[in-house]
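Only one chain is given next, in structure tokens, and it is the form predicted alone.
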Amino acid sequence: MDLLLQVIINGLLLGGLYALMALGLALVWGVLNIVNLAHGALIMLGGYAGYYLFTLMGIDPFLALPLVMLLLFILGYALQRYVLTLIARSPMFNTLLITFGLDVIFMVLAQLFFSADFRTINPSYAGAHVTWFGLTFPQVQLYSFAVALLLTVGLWLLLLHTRIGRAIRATAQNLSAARLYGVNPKKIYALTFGIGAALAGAAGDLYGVVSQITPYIGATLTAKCFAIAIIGGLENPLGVIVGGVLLALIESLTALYVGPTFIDVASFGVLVLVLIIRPQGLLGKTAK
């Protein structure tokens, strides 16, 4: 019983990071209608940024988060403003092709500059843990979960209670009406993609603390984020949190009772079930 509770705790903590990883993809998908296949590569770049800030400059990965997010925001803003804007309003197939191309370019550049070696951000407290009621909470995963939750709530507040957030939501809901109210769609699109990239950067920095970074993790992470966004629903950040936690719990329980080999089978099996039974996601709204 203790082992089961420990696995559930580990799954919940990992679920916070999963939710943060998928949040940027869901934001870009919901507002820009772009399925960003380079999202995992942006997470990978965020991981490398955190790694080199830690190893070369000694900056703690959690203190480095604002700088990593700023770097990825600038990259995401520039990508949307000068590359993806060229295919605005193009068929979905074109956006898939160009974001897939970006994913490949980022992967090759990462291999060229950072090599294919495994990298891990390893602060002095990496092995520390807290014990409550006989259960072990790794400090790094506990901090990562707290940061992921804060950033998710921050995005929610940004979208609901700020002028920029209202402009983003208006652009997503009715582009023509948003223009009538003075919203500049190109700036909002670039800003949205920049925010999505910044969230991916934050997730990459935290991912580097709990796992390993290589140039090849992008495709796997993109698939995982895609599954989380579909399971939870795109319209609601809370849905992404639910999707992330659910996927992490499924992976943890599958590893315990079936075996690590079947983790992906179970995860994507649940994704298929959700697509069949509730295609709008667990917390998504039914189309009228």
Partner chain sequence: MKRYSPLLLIAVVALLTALPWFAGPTLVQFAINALMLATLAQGWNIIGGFAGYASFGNSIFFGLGSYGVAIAMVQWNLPFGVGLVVGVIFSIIFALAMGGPVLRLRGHYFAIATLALSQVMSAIFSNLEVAGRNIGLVLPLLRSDTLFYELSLGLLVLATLTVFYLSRSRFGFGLIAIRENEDAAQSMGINTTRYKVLAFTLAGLFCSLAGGIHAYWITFIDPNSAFDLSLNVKMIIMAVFGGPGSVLGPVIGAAILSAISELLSSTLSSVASLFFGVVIVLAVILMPKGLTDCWLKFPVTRWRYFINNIRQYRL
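Here the structure is a predicted model, which means the values were calculated and not measured. Positions refer to the first chain, counted from 1.
Omitted here: the form predicted in complex with the partner chain. The next part is about that form.
Worksheet item: Tell me which of 61-69, 222-230, 247-255, 48-56 has residues with heavy atoms within 4.5 angstroms of the partner chain in the predicted bound form?
Response: It is 222-230 that comes within 4.5 Å of the partner.
Discussion item. Given that the partner chain is not shown alongside this chain, does residue 166 nevertheless sit within 4.5 Å of it in the predicted bound form, heavy atom to heavy atom?
Written reply: The answer is no: residue 166 has no heavy atom within 4.5 Å of the partner chain.
Worksheet item: With a 4.5 Å heavy atom cut-off, would you call residue 35 a contact of the partner chain in the predicted bound form?
Response: Taking the distances in the predicted bound form, the answer for residue 35 is yes, it comes within 4.5 Å of the partner chain.
Discussion item. Contact with the partner chain in the predicted bound form for residue 108, defined as at least one heavy atom pair within 4.5 Å: yes or no?
Written reply: Yes.
Worksheet item: Is residue 98 close to the partner chain in the predicted bound form, meaning a heavy atom pair under 4.5 Å apart or at it?
Response: Yes, residue 98 lies within 4.5 Å of the partner chain in the predicted bound form.
Worksheet item: Which listed residue (212, 136, 85, 122) meets the criterion of a heavy atom within 4.5 Å of the partner chain in the predicted bound form?
Response: In short, 85.
Worksheet entry | Heavy atom within 4.5 Å of the partner chain in the predicted bound form - qualifying residues of 179-193 | The stretch 179-193, when checked against the partner chain in the predicted bound form, contributes 179, 185, 186, 189 at the 4.5 Å heavy-atom cut-off.
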